[in-house]
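In the form predicted on its own, a lone chain appears below as structure tokens.
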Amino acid sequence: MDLLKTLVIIPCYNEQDNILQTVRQLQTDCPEADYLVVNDCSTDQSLEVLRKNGLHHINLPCNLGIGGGVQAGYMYARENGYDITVQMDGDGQHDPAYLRAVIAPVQAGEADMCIGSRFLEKKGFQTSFARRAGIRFLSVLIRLLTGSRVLDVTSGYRACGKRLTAFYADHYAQDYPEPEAIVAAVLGGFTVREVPVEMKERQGGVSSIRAFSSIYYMIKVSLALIVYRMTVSRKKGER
């Protein structure tokens, strides 16, 4: 499959142990795709790694969190006329070997967003039992709020078409935005589907979602999804 003009957004916060290998693997598996590392004011040596190895990156002037960092990537993609935009984590969990599979439904016009899901075929790293339970809960909640069934709602491995890229450049949730981005897409009239991928364990460093904050995360995300759904319904009622 010959790719349309594609940008891979790689958010980076304290990924000095992973970012070089992540980019190098992407360049090996899919050299025709452009990439942009968004360094979100890392406090480790990530910026030095990016500069030393000549990796294409932008360095944010202040820490915006994962949502702000990814949105900066979407803004870059819109301004530079990319047809397809892909999110790929900088921690080595997302295998670039699946990049074309994730892009394919979007490039074919079958979906506005395609999510790489580890739960469709249940191969590779499946994360902890507690996190799987939380993901299932959010999946059910999103189905109740939107009518759409998405299994891997926290997967950050996803491709978007040009219209959805433009939408996210202006409207993207902060903090841990993957579930809310799905809700926003579906309620905005965009189509979302999943394809199976295998993911790996984090190759180094520490996840931004720690065990002690998982309950807080679930409550915060759940409330954000419900409030977003209510806001959209209210705006439609005012028209």
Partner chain sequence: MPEPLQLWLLLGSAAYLAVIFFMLKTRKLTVKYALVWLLSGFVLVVFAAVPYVVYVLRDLLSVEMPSNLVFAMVIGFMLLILLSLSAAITSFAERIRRLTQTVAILEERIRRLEGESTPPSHET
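Numbering follows the first chain given and starts at 1. Quick caveat, the model's predicted, so the values are computed rather than measured.
This next part talks about the form predicted together with the partner chain, which is not shown.
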query: In the model of the complex, residue 179 touching the partner chain (heavy atom, 4.5 Å); finding: no
query: Close approach of residue 79 to the partner chain in the model of the complex, 4.5 Å, heavy atom; finding: yes
query: The partner chain contact at residue 52 in the model of the complex, heavy atom, 4.5 Å; finding: no
query: Residue 72 within 4.5 Å of the partner chain in the model of the complex, heavy atoms; finding: yes
query: Proximity to the partner chain in the model of the complex (heavy atom, within 4.5 Å), stretch among 134 to 142, 163 to 171, 102 to 110, 147 to 155; finding: 163 to 171
query: All of 83, 96 and 118 within 4.5 Å of the partner chain in the model of the complex, heavy atom check; finding: no
query: Sequence-ordered list of residues in 56 to 87 near the partner chain in the model of the complex, where near means a heavy atom within 4.5 Å; finding: 56, 57, 58, 59, 60, 61, 62, 64, 68, 71, 72, 75, 76, 79, 80, 82
